[in-house]
Structure formats: structure tokens, C-alpha cells
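Quick setup: the C-alpha cells below cover two forms of a single protein chain, split into structure 1 and structure 2.
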Structure 1
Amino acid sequence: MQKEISIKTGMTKIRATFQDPDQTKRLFNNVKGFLLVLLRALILIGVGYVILAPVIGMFVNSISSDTDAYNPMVFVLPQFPTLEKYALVLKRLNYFSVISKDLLYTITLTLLQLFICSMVGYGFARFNFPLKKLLFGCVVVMIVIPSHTIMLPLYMTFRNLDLFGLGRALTGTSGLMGTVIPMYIMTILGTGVRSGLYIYIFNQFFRGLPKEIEEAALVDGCGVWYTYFKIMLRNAMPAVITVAVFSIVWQFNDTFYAKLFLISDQIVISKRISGLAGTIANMDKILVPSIQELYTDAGIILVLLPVLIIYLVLQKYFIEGVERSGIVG
């Protein structure tokens, strides 16, 4: 009895819905909205999978044992998970020593980038001087010119660079090849890895900040440098974080300059990873390519780990920062 009534009321409700054009429209809109949400979710999950698949694959490879590599039944979950790949790779990469050196190198360069590029960006954003437009055009040219155009002259310059004979006096060799000094010199002079882009970002951000803060500081007797350091840079946190993340990631991943300046693979770990398979083949007599690959994957995961952690910690501020920092102008 109860059921009959409920079915009856249900039917009348449905009939009423379809008779009333307003309600029909609402129903239609609800269904459409639901389908759109479903479609969006499907696309996002699909693309997300394409992005994550190689990472998941590498991780799975890095923890699977040799038997798993030969077993065609194993998919995603290795049957005999093991950490022995990591143990060997840690040893062969000389991981902790190299990564700490590399992080020191990357982070000092990042700090220099932040300091120099924010300064230059501030100079362009807040001061009026003759030829400003032309000079800023030069910054854009710097972004656009691929770095390989200037690689040979850079190589030749630093190969023979010996300021006042200091190098010969201290180390007995002239030229800066094989050291990290060229990279530091270039970064200090605002022409490091993608410095042009960072200058551009800072310029856009400083231009968006209200001028009143600076005027107040000036009235209160604050010098230009003090204003820049203590007031503007503090307010530019979103831009600072954006540039910091970009700079850390690109500096850490950079192999172009590392190769060009012959920087030792004791300092730059991303250079070391390409030789890992060979090292393992030579020293541990692991000659099967499909097993070597498991080790390479473990190595890549280890190399990515620090950047990944930095990114995950900063990503919330980072994406907010990009939105607010007027990368867009």
C-alpha cells in the first residue's frame, strides 16, 4: 500500500516536472552540469595519468627485483619488492656527498639570482632614466636568444680567463674550465641560467606594487637601498618564491652550462646520472640492459627527490605567487 502511494506520488511529480517548462529546464541544466563535471574529471584524470605514468613506472621499476623484471605477470605491484637497487645506486652515485655539494651550488646560485635579478628588475620598474626602453628591450633579447648561440665565445673566454694572473698564482693553471666559477661570475652579472626571465618577472611585479609605500618611506627619510631591501623586497614575496622555485629547478636540472664549462660530475649530479648505467655495467658486471634500467630508474628517483620535496613544500605559495606576480604583465 505504502509503495503504491509513493510510486503514484513519484509519477505525479515527474509528470509535473515535465509539464512545467521551468522545472524541465532546471532538470535539464542539472543533468548537463553533471555531465560536464564528469567530462572534466575524466580529462583531468587522463592527463594527470599521462604525466604521472612515467614517474610511477620509474618508481615501480626502482623497487622491483630482478625476477620481477622478467615476470610478465607483474604490473605496478612488484612481487618481491626490494631496496637493493637503491643501496647500490647510493654507493655508485656517491649520492650524499655529491647531492650536498650540488644543493649548495644550486642554492647559492639561486640566492644570487634572487638578489641580482630583483635588483635589476626594481631598477627597471621604479626609476626613469634615458634609454630605459632600449635597455629593457635588451632584457627581452636575452630571453629570446638561445644560449647555444653564445656558447663558443663563452667557452673561449672562460678557458683563458685569468684575472691579473690570480689563477696561475694560486693553482698553477690558467683558465676556469672545470670549475664552478664561470657560473658564479655569469650569475653575479645577471646573465645566469634564464636570468632574463627572472628580471622580467621581478620588473612586472614591482610595477604592480603601489607607489605610495615607497613615497611614505622616502618621506620618513629612508634611503633608496634601504627602501629596496627592507620594504620592496619584503612585499615582493610572491615573486621571490616564484623565481626561487624556477631558479632551483632549472639550475639543478641544467646540463647545458655544466657540460659547456666542464663542471665536474662530483658537483653536478644530473651529469652523473647519464653515466650511471655504464658505471654499473663496468663495476658490478650487470650487463642485462633491462636490469641496468632498474638501477637507472632508482638513480633518477634519487636525483629528483630533493627538487620534488622543495617543490611540494613551496608549491602552494608558488602557484599563488605566479598568479599574483604578474608573470603575465
Structure 2
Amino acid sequence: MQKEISIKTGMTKIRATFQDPDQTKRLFNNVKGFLLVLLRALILIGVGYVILAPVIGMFVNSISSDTDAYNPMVFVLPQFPTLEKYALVLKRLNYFSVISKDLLYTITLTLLQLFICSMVGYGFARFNFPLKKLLFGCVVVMIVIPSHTIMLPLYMTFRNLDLFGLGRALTGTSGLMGTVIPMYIMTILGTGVRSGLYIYIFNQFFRGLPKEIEEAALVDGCGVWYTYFKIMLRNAMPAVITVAVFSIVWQFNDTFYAKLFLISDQIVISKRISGLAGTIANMDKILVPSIQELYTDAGIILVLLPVLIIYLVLQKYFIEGVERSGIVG
């Protein structure tokens, strides 16, 4: 809105037009808001492209035919799309058999981590005991120290450990190498894959819950275990979902511990991907590296599919749990 002011000086009349300050402020705020939205959109598009471009590229390669691989004119979309790569990869990976064993192995480890890590996190959040700060410092150290720094002690420990003769019964030799038992032992003892992070998440979440809930349960005559399982754990479902998603993804994609403990690739499907190109070269006589890459991309997409489905189903609860557990910001 403009304002016009007339000033009369002697025989001369001066007219001046001024811009309304409120309108100028609103215009400035609108421009500022538009620029912020534009900047946010550019950042999200850039980050999304960096994350999704490799996956989209692998999917496009997996449905490309051999002709498309040799055709220099094919750049983004294949000219003759086909699913024959998936048909052969399903056969060479023994996909359905291995993926069912892998999911059973992953889900059991996830359930154990949820049970153990939630109890440890609840203990740190609600109870006082000797050396509490020192032990929680050890949990933080578990998060900070890379797994590669302790791989030799872990290998030596489980190579020489024959728990109740299980190693000799399962592998014919002493020690637990070549079995999944080391992973279950580590998980039960709270030192499994990323267990330190999960303990920290549960600790932060339980600290954010009001103590009045437990006090009311105590007045009603509930014991510690009943309060934990029936009341506190139910209120911690966002943290449970968060840890479950993290655990499933990291356990399913783990190759470090699988190779360290010599776990069979008939159980861990992520280990089979690295040898897929060699298997196809030997059994199907496909020796061209560019064609082998198409089959490898198809195998990677098949391995990613279960984790992607789980994440899409639990996405809402996962985001809520991350926000409430205090591990961001």
C-alpha cells in the first residue's frame, strides 16, 4: 500500500509517495520463505539423488538385455527390457532356500538383541548400582571402537572355544568356527552387532519416560519384572521398532562377522553375492565382465528387496522412534 503526502511551501506544492512499511516487510518475508523452500528442495533432491541413483542404476542394469549392454546408444532406459537375469540369479543363488534361512537367522538375533539390550538400557536408566558410570562408559566405547580392532581376539576366542562339545558335534573339529553359535553368544552377552548403540537408544528412551508410571505400578503391587515387561516395554514401542529396523538391516547385510566366523553362505545370502559373478562364469559360461555385472546387479536387488519391504512397512514407527530416542539433533 502506498501513501501520498503533499507539502505546500510558499507557491510550490510538493507531492511524495512512500511505500507502506508493513507491505515491504510482508514482501521480504515472502521472498525469504520462497528462497528457504527452494534451498530445502534443492538439498533434498541432491541428497535423494546421491542415495537413490546407484540403486536405480542397478535396477535398470538388472532388466537390461545383452543387446542393451553392447549398444552405446542405450543410456538410461533399456531398449529391450527383460527379466531373464532374475530367473538365472534366483537359480544360482538358491534364493528362496537361502533367504528363508537368512531371515530366520536374522530375526532370531534381532529378537535376542531387543530382549537383552532393552533390559540393559532399562537398568542403566532406572537403577543405581556400583560402577554404573564405568559400565555405561564401556557401552559408549562399544559404539566408538571399530569392530576391526577386536577381530583377532574374537577369532582366537571362538576358534578355541568348544561350548559343551557343540563345535565338535557340528563341524567335526574343536572350536565354534563355521557355525552361527558365536553370533548368538555375543548377542546374548550384549556384545552383538551394534548392541552398544541399541543399549544407548533404550537408555535414552527410558530416561524420557516419567517415573510416575513405575511408582503407580509399585503402589499397585507390581514387581520389577512385571513393571518392565507389561508397562515400560509397551510404552517403549517406538524405541523397540527403531532398534528392530536397525538390527534387521545390519544383521541381514553383515558380512564382517559372517566371514570372521566362517559362517556358511548357505545361511548368509550377502556372502553369496560376492561370488555370484564367478558362479555364473563357471556354470553358465558367461565370461564378459559387462554382462556379469548385469547379473550381479540383479542379485543385489533381490538381496535388498526383503529389507526394503520391512523398512517401508515400519517407516512411520521408525521415524517416531528415532525422534523420541534422542539420537539425532
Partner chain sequence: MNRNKKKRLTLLQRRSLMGYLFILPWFVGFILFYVRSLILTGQFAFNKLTIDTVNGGYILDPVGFENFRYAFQVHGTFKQVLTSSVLNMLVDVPLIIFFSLFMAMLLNKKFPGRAIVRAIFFLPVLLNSSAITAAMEMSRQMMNGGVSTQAAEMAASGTANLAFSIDYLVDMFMNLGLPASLVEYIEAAVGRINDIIAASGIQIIIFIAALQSIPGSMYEVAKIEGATGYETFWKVTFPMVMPHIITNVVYTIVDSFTESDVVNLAYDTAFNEFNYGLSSVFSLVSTVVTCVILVVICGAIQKRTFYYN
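Residues are numbered by position in structure 1's sequence, first residue being 1. Here the structure is a predicted model, which means the values were calculated and not measured. In this text, the rigid core denotes the largest set of C-alpha atoms whose superposition between the two forms falls within 1.5 Å.
Looking at both copies of this chain, which one is the form predicted on its own?
Answer is structure 2, the other one does not fit.
Once the core is aligned, does residue 290 move its Cα by at least 2 Å between structure 1 and structure 2?
No: residue 290 shifts by under 2 Å between structure 1 and structure 2.
Align both forms on the core first, then report whether residue 27 has a C-alpha shift of 2 Å or more between structure 1 and structure 2.
True for residue 27: a C-alpha shift of 2 Å or more.
With the two forms matched on the core, what distance in Å separates the two CA positions of residue 39 between structure 1 and structure 2?
Here residue 39 registers a C-alpha shift of 3.7 Å.
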